[in-house]
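Quick setup: one chain, the form predicted alone, written in structure tokens, and binding and motion questions come after.
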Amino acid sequence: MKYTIHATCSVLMLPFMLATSAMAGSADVVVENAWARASIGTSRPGAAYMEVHNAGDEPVMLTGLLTDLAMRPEVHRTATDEQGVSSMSPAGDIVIAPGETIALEPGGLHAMLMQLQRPMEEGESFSMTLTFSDGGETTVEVPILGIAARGPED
């Protein structure tokens, strides 16, 4: 009876152990070219952009964002329908394959900064932490560019 319980528990836990080992390696994440546009006050959401590269040998899963600048930072996806109307919605968890880079950029995936706690002023910067399914975190300093900026070189 004792061995049956252990064997049953082992079989039931196997999928969880495999899932954990398959999504490891957030320590190998590199964030580059981070930037944000200045905001007009705090009544409208802000946005931040960057490239997130998985330099490791295992997939990593981006699960969230943290910043003291916004109460609700989330990764959103912009989609355009057949009539040319664009809409944004939460992207959910994002898996980054080994050696791959995802771009958070205008018109695609981006960091939506909802419920701003202060205006995003040109020339300032803020910290943003990316959280991953393995419990790891990567923090990046995000410079705030002009309201009409189109990329980190502006």
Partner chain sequence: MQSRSVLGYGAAALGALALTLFVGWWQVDGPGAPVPDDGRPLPLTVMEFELTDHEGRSVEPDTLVGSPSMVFFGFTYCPDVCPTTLADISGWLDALEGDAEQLNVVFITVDPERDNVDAMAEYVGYFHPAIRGWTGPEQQIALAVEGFRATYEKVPTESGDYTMNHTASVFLFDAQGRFVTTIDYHEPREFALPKIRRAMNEKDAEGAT
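Residue numbers count along the first chain shown, from 1. In this text the structure is predicted, and so the values were computed from the model without any measurement.
Below, we turn to the form predicted in complex with its partner chain, even though it does not appear here.
I need to confirm a contact call. Of Pro119, Pro59, Gly108, Gly64, which residue comes within 4.5 Å of its partner chain in the predicted bound form, counting heavy atoms only? Looking at Pro119, Pro59, Gly108, Gly64 one by one, just Gly108 meets the 4.5 Å heavy-atom criterion.
So, Arg37 and its partner chain: in the predicted bound form, are they within 4.5 Å at any heavy atom pair? Flag for Arg37 set to yes.
Quick one: is Ile102 in contact with its partner chain in the predicted bound form, heavy atoms, 4.5 Å cut-off? Judged by the heavy-atom cut-off of 4.5 Å, Ile102 is well away from its partner chain in the predicted bound form.
May I ask you to check whether Ala27 falls inside a 4.5 Å heavy atom distance of its partner chain in the predicted bound form? Close contact is absent here: in the predicted bound form, Ala27 is far from its partner chain, nothing within 4.5 Å, heavy atoms only.
Consider Ala55 of the chain shown here, and say whether it contacts its partner chain in the predicted bound form, taking contact as heavy atoms within 4.5 Å. Flag for Ala55 set to no.
Where, within 121 to 154, is there a heavy atom within 4.5 Å of its partner chain in the predicted bound form? Residue list please. Contacting residues: Ile147, Ala148, Ala149, Arg150.
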